[in-house]
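In the block that follows, a single chain appears as structure tokens, in the form predicted alone.
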Amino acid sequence: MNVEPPVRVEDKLYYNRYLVDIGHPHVKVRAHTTPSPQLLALLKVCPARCYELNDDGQVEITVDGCIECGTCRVIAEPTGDIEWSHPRGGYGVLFKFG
């Protein structure tokens, strides 16, 4: 029996490529002093781990590496915590394996 070793999501994400549209991020976090529960949830649910807390306790996003899955859009856009739009043509994630 031929059993393949398990593959981590991070290993698969490594093969994707990202063309960053410098100065035009497709996701922006609204300015805040205290993160909302929705923003804090993004720290855990973003599959690409694009969200993190800065030294001031505010949620920031690094759009480099975003796989445009829409998870953050579903959780935080309705509350106004983020602004989400599709990347401009030719920019964003380039999936290597479908």
Partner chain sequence: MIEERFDAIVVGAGMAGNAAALTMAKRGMKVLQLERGEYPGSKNVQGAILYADMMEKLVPEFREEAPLERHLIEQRFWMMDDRSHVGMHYRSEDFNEERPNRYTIIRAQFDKWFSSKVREAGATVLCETTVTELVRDERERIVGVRTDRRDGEIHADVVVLAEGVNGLLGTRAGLRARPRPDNVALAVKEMHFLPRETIEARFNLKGDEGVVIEAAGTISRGMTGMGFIYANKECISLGIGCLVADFQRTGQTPYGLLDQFKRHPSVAPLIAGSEVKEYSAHLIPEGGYKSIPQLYGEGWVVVGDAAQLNNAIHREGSNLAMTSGRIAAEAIDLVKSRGEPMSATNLAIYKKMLDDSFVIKDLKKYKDLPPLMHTHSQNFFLTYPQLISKAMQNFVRVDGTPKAEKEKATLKSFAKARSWTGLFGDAYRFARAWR
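For clarity, every value in this text was computed on a predicted model and none was experimentally measured. By rigid core we mean the largest C-alpha set that fits within 1.5 Å across both forms. Positions refer to the first chain, counted from 1.
This protein has a second form, the form predicted together with its partner chain, left out of what is shown; the following refers to that one.
- The shortest heavy atom separation between Val20 and its partner chain in the predicted bound form exceeds 4.5 Å.
- Although the partner is absent here, Gly70 sits close enough that one of its heavy atoms falls within 4.5 Å of its partner chain in the predicted bound form.
- Although the partner is absent here, Glu77 lies within 4.5 Å of its partner chain in the predicted bound form, judged by heavy atoms.
- Contact annotation: Ile61 falls outside 4.5 Å of its partner chain in the predicted bound form, judged by heavy atom distances.
- Residues from 75-96 that approach its partner chain in the predicted bound form with a non-hydrogen atom closer than or equal to 4.5 Å are Ile75, Glu77, Pro78, Trp84, Ser85, His86, Pro87, Arg88, Gly89, Gly90, Tyr91, Gly92, Val93, Leu94, Phe95, Lys96, in the order they occur in the chain.
- Core-superposed comparison between the shown form and the other one: CA of Trp84 displaced by less than 2 Å.
- Once the rigid core is overlaid between the shown form and the other one, Glu10 counts among the residues whose Cα shifts by 2 Å or more.
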